[in-house]
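The chain that follows stands alone, in the form predicted on its own, written as structure tokens.
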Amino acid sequence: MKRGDLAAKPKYVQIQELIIESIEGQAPNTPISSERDIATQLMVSSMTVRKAIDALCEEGILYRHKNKGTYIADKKLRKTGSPLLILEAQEQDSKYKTLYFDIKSRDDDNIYEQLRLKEDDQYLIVVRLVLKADVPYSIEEIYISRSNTSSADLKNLDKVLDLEAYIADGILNQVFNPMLVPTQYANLLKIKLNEPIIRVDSLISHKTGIPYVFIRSYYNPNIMKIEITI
């Protein structure tokens, strides 16, 4: 890594650019130099380097592994959008009603593909109705690998279903699927059969690329409006 010219832009921005340049072509999950080493090389403060790395972690270009250092993130997991729609249902005025809970073996090939499960692996599925001001807001199908949940965890579903905790340590990718409301959810959402809705598929992965949790969210079109700008 060369020091270059740090005068034209704020130092931390220049350091971001230098780090991006230095990791170009390197494999995902490769460690970068320590903050102290980078600060020494560039003759800047460790605080400035930390600010630059924090920004790159926020963008999904780098990630920190607890007590081990900072690593290059997989490009496929980099953030491409800002709204985290699944978090909107976790506001203080939201209520949840569990509709279904089970542990399944191979049943849905798409779930196995999303969570990268092996043939004999099991997964946890929780279906819940999300209410805001006692009005049906969405239905969430939440899928988590059984290997990521202990027996003790299963006794505390609130902890298992704390989506914010997963996102805080991971990367969120979302796919928007226009569709008709599934028959079994129309009455629960209090909308008509054949009503057009948006289903948002959300995959939360660790920055190493290992999936944490997969969510299918069916939003009530009378309450939640989703606009997609291309």
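Start at 1 with the first residue shown and count on from there. Note that the structure is a prediction, hence the values are computed from the model and not measured. Whichever C-alpha set is largest while still superposing within 1.5 Å between the two forms counts as the rigid core.
Missing here is the form predicted together with the DNA; even so, the following discussion is about that form.
The DNA is not shown here, but in the predicted bound form it comes within 4.5 Å of a heavy atom of Met43. Looking at Lys192, you'd find every heavy atom of it more than 4.5 angstroms from the DNA in the predicted bound form. In the predicted bound form, at least one heavy atom of Met47 sits within 4.5 Å of the DNA. At a distance threshold of 4.5 angstroms between non-hydrogen atoms, Ser34 is in contact with the DNA in the predicted bound form. Contact check for Lys95, Thr98 and Ser145: none of the three has a heavy atom within 4.5 Å of the DNA in the predicted bound form.
The stretch that touches the DNA in the predicted bound form, counting heavy atoms within 4.5 Å, is 57-65, out of 57-65, 22-30, 171-179, 199-207. Of the residues in 176-214, none comes within 4.5 Å of the DNA in the predicted bound form through any heavy atom. The two forms, fitted on the rigid core, differ between this form and the one not shown by less than 2 Å at the CA of Ser217. Core-superposed comparison between this form and the one not shown: the CA of Lys192 stays below a 2 Å shift. Core-superposed comparison between this form and the one not shown: the Cα of Pro182 travels less than 2 Å.
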